[in-house]
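The chain below stands alone and is given as structure tokens, in the form predicted on its own.
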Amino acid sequence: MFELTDSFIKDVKDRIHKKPNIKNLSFDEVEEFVRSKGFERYRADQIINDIYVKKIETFAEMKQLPKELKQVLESEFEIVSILNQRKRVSSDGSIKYLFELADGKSIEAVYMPWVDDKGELDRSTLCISSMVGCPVACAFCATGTLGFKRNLNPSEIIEQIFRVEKDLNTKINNVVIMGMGEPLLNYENVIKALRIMTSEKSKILSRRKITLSSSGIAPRIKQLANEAKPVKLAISLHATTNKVREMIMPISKSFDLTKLMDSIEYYYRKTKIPITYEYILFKDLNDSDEDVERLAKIAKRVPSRVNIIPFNDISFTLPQGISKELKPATRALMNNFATKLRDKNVAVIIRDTFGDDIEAACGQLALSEEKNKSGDK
């Protein structure tokens, strides 16, 4: 169970929306604030260490700081910006978290444990959200049915990691930004969060342990390539022609495969980081031999690998149009498709799904919560 007390939660809910969260400040901004209040620069490093390394949740607990500075911080900022709302534990060990934000909206994160051949925990991955809802509206994604509510700020992005680590008393080894939302459409906040997360001062994660998943916002992919600490990039591809991709991913009408591949080649040239292509296999839609040929050509343009992903059922969203027609590929079809790609010297992994028994589809738990709040059945 969570360690936050009922009284602390009530106090946070009463105050959280009234003051900015200090985790929304860059480390330079923390230092600027401290100095503007007449305190020494090194106090900023103490604050940063308390928040990000010790994960202190109230300013009163910051024992190294003078009383006057703690009072200033207390009057100006909050530290906690999200609260644990619900969680679902799967038989496969994965856990889906629902978090409540200050404005009452909900987001999700999914904890995925990876075990070795001996059945022991090898590493842990956390899939986190970057938005409430999503404007991209992919036909296969439950989050899109929520519509776009708002962007998450840096503190709300980072705290998903902190809340899960505290609940499980563990250290998250890898983070994938592929939960609710399109991270490259929330570029400023996501990049600020990444800079904080990958800083030597925060000790949260190495950039090599972070993957950002995008539906293909070509100009932002190029912008990301020019960041000082670029992370691993995963592209939600899911089709090998513009016609099919536009059917299931409307964003492709703005950034077709030509523009997307141009941005991907730029990303690799700048960063030398191999690309991951995510490919949900749908029966009779993107599973032909011609798709194998085209996907192999795409994968060979820069060093990359293809993750073939099972389709999570979204029937609970009452899908319409093309969403209603999507059919999952069988395991045999996925294996056959992967074999044909491997025969063309493409690196391929067939991904297992996590949490089939715990409202696993992206956005499902948040959508359920929204319906409960609105009285929809």
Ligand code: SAH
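All residue numbers are counted from 1 along the displayed sequence. Note that the structure is a prediction, hence the values are computed from the model and not measured.
One more form of this protein, predicted in complex with this ligand, exists but is not displayed; see below.
- In the predicted bound form, this ligand lies within 4.5 Å of some heavy atom of F311.
- Under a 4.5 angstroms non-hydrogen atom cutoff, this ligand in the predicted bound form lacks T276 among its neighbouring residues.
- Contact annotation: M178 falls within 4.5 Å of this ligand in the predicted bound form, judged by heavy atom distances.
- Using a 4.5 Å cutoff between non-hydrogen atoms, T240 does not count as a contact of this ligand in the predicted bound form.
- Contact with this ligand in the predicted bound form, defined as a heavy atom within 4.5 Å, holds for exactly one of S94, S215, S81, S263, namely S215.
- Only one of the listed residues (S252, N153, S106, S236) places a non-hydrogen atom within 4.5 angstroms of this ligand in the predicted bound form, and that residue is S236.
- Looking at 164 to 172, 138 to 146, 95 to 103, 186 to 194, the stretch with residues near this ligand in the predicted bound form, meaning non-hydrogen atoms within 4.5 angstroms, turns out to be 138 to 146.
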